[in-house]
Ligand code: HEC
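Next up is one chain by itself, shown in structure tokens, the form predicted alone.
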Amino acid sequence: MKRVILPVVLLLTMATAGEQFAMSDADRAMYKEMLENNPADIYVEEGGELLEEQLGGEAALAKFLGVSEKELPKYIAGFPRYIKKLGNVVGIDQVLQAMQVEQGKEKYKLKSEKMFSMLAYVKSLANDEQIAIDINADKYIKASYDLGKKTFETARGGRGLSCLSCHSKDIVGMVLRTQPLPDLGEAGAGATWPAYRMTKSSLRTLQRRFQGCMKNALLKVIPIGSKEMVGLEVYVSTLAQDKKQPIAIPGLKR
């Protein structure tokens, strides 16, 4: 294990977390402009239209979840969560899939652009709310959190890397591939995805970002919507919750 991790640490320590390593001046100017006019706003608007046309809008979503429309924003802030009628801890996108099946509509793939857009819109309904995942609410969410934490911390693959390899307190702030490695709680990762990724020129979700990290680290990519991936979202979202980071969708990421 030491032979695998040590070279990574040495590589990271070749640079400090100075902002000059994170973006060029041109990228910084572009980022500033996009903060005022996030390209992902178009996707969120499309997601709202899809929700209305395909599933009956916010009223239908609230009914499916068994809450009032007024309660919907705070309820959404508690996702991923255990949904009894689905018998599992699920993300918002899986709820939308279940609604499509119930209504006899085409079921969007979890990795599809249309699902990303609908997910972004629904999560944006909770903007400015604090993430409110109660990991002690039931045995299911507690198990999902525990699985997510284990997945986050477990080294795997030929390089023996884990999520923690790049996001532990000892590593945060160092630079890898021109980017300072963030504290996921301080960065509000669980509160700011779906987000527009400048390097991909598209809307991405938190679980899709997890997959990108896994691919870059040469790890076997975990499927979106799997128990491990949902658990990861639960765990990372609670990190933002602990730092009291408000939900702000769509985010903007380099």
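Note that this is a predicted model, so its numbers are computed, not measured. One rule holds for the numbers: they count along the sequence shown, beginning at 1.
The same protein has a further form, the form predicted together with heme C, not shown here; the description that follows concerns it.
- Task: Spell out, yes or no, whether the shortest heavy atom distance between V67 and heme C in the model of the complex is within 4.5 Å.
- Result: No, V67 stays farther than 4.5 Å from heme C in the model of the complex.
- Partner contact for Q94 in the model of the complex: heme C, 4.5 angstroms, heavy atom: Although heme C is absent here, Q94 would stay clear of it in the model of the complex, with no heavy atoms inside 4.5 Å.
- Q179 near heme C in the model of the complex, any heavy atom under 4.5 Å? Yes.
- Task: Could you confirm whether A217 comes within 4.5 Å of heme C in the model of the complex, counting heavy atoms only?
- Result: Heavy-atom contact with heme C at 4.5 Å: present for A217.
- Query: Here the chain is shown alone; which of I224, L61, A189, A40 has a heavy atom within 4.5 Å of heme C in the model of the complex?
  - Reply: So the residue touching heme C in the model of the complex, by this definition, is A189.
- Query: Which one of C163, M99, V90, L125 is close to heme C in the model of the complex, taking close to mean a heavy atom within 4.5 Å?
  - Reply: Going through each option in turn, the one that passes is C163.
- Of 139-147, 108-116, 155-163, 67-75, which is the one stretch near heme C in the model of the complex, taking non-hydrogen atoms within 4.5 angstroms as near? That would be 155-163.
- Query: Within 201-236, which residues come within 4.5 Å of heme C in the model of the complex, counting heavy atoms only?
  - Reply: Residues within 4.5 Å: L206, R209, F210, C213, M214, A217, L219, L232.
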